[in-house]
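Here we start with a single chain on its own, the form predicted alone, put down as structure tokens.
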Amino acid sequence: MTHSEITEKLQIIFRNVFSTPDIQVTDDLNAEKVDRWDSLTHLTMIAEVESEFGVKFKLKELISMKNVGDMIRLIIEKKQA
């Protein structure tokens, strides 16, 4: 799975979870840049991502993620393993 394929799927997830149809998923996107990104929507988004990609994030991985680019890199690593 490529970076752009993951980004396309994340775009759909983020638009649904954050109820923001015009959100653009980029590597540098983070909670500070999305008005509706709070603790509840964060948990919902993580659950949706794990379900869509068939991966499970460890707590230390979740803590280390600073932006969507970090998430994409982890998804790629997990899918290759």
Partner chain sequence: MNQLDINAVPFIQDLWNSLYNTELDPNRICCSIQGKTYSYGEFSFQVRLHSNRLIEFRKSNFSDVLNSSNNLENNEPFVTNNIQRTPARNPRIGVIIEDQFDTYCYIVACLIQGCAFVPIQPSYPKSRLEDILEMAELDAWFGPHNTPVIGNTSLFHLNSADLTSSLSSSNGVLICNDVLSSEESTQSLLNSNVHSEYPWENLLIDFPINFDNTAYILFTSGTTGKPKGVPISYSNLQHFYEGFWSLGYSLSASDRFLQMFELTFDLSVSSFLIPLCLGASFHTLDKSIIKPLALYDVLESQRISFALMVPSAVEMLAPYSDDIELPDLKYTQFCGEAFKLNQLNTWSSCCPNSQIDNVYGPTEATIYCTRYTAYPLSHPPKQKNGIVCIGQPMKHVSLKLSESNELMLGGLQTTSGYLHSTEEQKGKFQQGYYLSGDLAEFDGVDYYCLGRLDDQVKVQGYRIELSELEFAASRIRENVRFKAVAIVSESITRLHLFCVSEKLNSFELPSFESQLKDQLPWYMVPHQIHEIPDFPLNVNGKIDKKQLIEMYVKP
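Predicted model, so just to flag it, every value in this text is computed and none were measured. Residue numbers count along the first chain shown, from 1.
Just so it is clear, the following notes concern the form predicted in complex with its partner chain, a form of the same protein that is not shown.
Enquirer: For F53, is any heavy atom within 4.5 Å of its partner chain in the predicted complex, or not?
Expert: Result no; F53 lies far from its partner chain in the predicted complex.
Enquirer: Are any of the heavy atoms in I12 no more than 4.5 Å from a heavy atom of its partner chain in the predicted complex?
Expert: No.
Enquirer: Does D28 reach its partner chain in the predicted complex if we count a contact as any heavy atom within 4.5 Å?
Expert: Answer no; every heavy atom of D28 is more than 4.5 Å from its partner chain in the predicted complex.
Enquirer: Contact with its partner chain in the predicted complex for H42, defined as at least one heavy atom pair within 4.5 Å: yes or no?
Expert: Contact with its partner chain, yes.
Enquirer: Under the 4.5 Å heavy atom criterion, name the residues of 1 to 16 that approach its partner chain in the predicted complex, in sequence order.
Expert: Result: empty, none.
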